[in-house]
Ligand SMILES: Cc1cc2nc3c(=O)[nH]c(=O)nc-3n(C[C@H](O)[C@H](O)[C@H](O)COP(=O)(O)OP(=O)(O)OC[C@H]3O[C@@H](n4cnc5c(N)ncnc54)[C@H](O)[C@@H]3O)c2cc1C
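Before any questions on how it binds or moves, here is one chain, the form predicted alone, in structure tokens.
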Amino acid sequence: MPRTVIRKSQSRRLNQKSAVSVRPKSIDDIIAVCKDPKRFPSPVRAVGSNSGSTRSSDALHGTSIDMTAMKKFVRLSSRRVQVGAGTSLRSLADRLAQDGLELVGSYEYPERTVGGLISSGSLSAGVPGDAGHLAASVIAVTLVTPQGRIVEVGDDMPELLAMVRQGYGLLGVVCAVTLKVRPIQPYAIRHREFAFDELMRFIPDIADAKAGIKIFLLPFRDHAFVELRFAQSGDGPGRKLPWKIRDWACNKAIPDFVHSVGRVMPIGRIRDPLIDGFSEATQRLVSRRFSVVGSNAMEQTGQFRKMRQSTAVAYSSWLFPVDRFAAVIYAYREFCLRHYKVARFRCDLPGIAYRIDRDASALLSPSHDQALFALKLRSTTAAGWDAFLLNFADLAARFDGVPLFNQTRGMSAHHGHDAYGQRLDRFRKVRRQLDPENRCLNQFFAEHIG
């Protein structure tokens, strides 16, 4: 039987209940959990790195399954690999790189577990030829149903596989995943700088480019840094040192500096220009001095191994149709300036945008019907963050914004229904058939999917 821990809910309600946390080491442990609702009450939710920004993994009054001990690795061939759902993306990429292989797709937070990553959308710049989301590379999934039965979901069950991909763990517990892999394919990175009005004119030109696109947005400096990734011939992932410096600068130096200045400098007219100036200078230095050859393998392995980000960064992401994103860029800047003037809150880190290719491999893929641009908002400041996101959600809806259920904080149920429409209705119908007792349905998804 899995090791069981009883932990008190953090809820402030008077009628507090206890939640159960288990850390299974085998699929039999997970089966035991699903089959025993008395000892392991509903909802049953699998948790990996717990990196989501919404309540999608919450099981405050149910059972939380910590999947991080499920790490079995099986190399099946040079084109596919089977791995336990609790394996981190970083460790999988490390193992593949030893054999000159990489994942067919990427994600910029390599500590996420494979099971969690393929159960939701994955936002990254991508490279030409990759699908919009890493879940598209899933060939098969070993699933334990809410009733405790093992099901091997593969190409012979295409409709179910399309629902398990980006299915948020609502059809059962993902225990093992078989993924496509390939030889490492390098890409070249080119950089451009724009003012926001120039970027708006540039967006339509690059929207259909055969390149991966990543944009850093500094609305209070009226400045943007664009990174274009082009496929390149050659072998090997490239040099790690430049990538490590990029990673340190963007993911540690800037957040740590911003957070430190925010704590010691309460005067906004001094603090804010200092923060923005440092962010802009660092992005420019990285762009001009550390243009590198990258790869999916490099993005996930070429990082500072012992770097533990000391600053907590909150984030929330919306996706927008490509043909509306130039207008979104302008509206985003105006919204940030206006909200700061009224509420005195602003995101103290650059926003990041990615072009996400069309990907119909999953029923709940946000880019199922068309290519999109994702906009990730980031901040190290908690006070005022939720109010900012609630107001931004109204703006996003006006531009046909598409939320991600695990990454879009501030969304309401109608945002998901408006964006996913009949696909969400179809998913809900199948979910209810496969889990009639709502064993895997927590309160968040009861509100947003049903």
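Each residue number is its position in the shown sequence, starting from 1. For clarity, every value in this text was computed on a predicted model and none was experimentally measured.
The discussion below concerns the form predicted in complex with the named molecule, not included here.
Engineer: Tell me, please, which stretch of 357-365, 97-105, 115-123, 75-83 lies within 4.5 angstroms of the named molecule in the predicted complex when heavy atoms are compared?
Structural biologist: Contact criterion met by 115-123 only.
Engineer: Using a 4.5 angstroms cut-off on non-hydrogen atoms, would Asn50 count as touching the named molecule in the predicted complex?
Structural biologist: Heavy-atom contact with the named molecule at 4.5 Å: present for Asn50.
Engineer: Can you work out whether Thr63 and the named molecule are in contact in the predicted complex, taking contact to mean some heavy atom pair no more than 4.5 Å apart?
Structural biologist: Close contact is absent here: in the predicted complex, Thr63 is far from the named molecule, nothing within 4.5 Å, heavy atoms only.
Engineer: Going by a heavy atom distance of 4.5 Å, is Trp243 a contact of the named molecule in the predicted complex?
Structural biologist: Residue-level check for Trp243: no, no contact with the named molecule.
Engineer: So in the predicted complex, does Ala135 come within 4.5 Å of the named molecule, heavy atom to heavy atom?
Structural biologist: Although the named molecule is absent here, Ala135 would stay clear of it in the predicted complex, with no heavy atoms inside 4.5 Å.
Engineer: Identify which of Arg324, Lys252, Arg90, Lys376 has a heavy atom within 4.5 Å of the named molecule in the predicted complex; exactly one of them does.
Structural biologist: Looking at the other structure, the residue within range turns out to be Lys376.
Engineer: Taking Tyr187, Phe225 and Ser287 as the candidate spot, are all three within 4.5 angstroms of the named molecule in the predicted complex by heavy atoms?
Structural biologist: Verified in the predicted complex; spot residues all out of contact, no.
Engineer: Can you name the residues of 396-415 that have a heavy atom within 4.5 Å of the named molecule in the predicted complex?
Structural biologist: The stretch 396-415, when checked against the named molecule in the predicted complex, contributes Asn406, Gln407 at the 4.5 Å heavy-atom cut-off.
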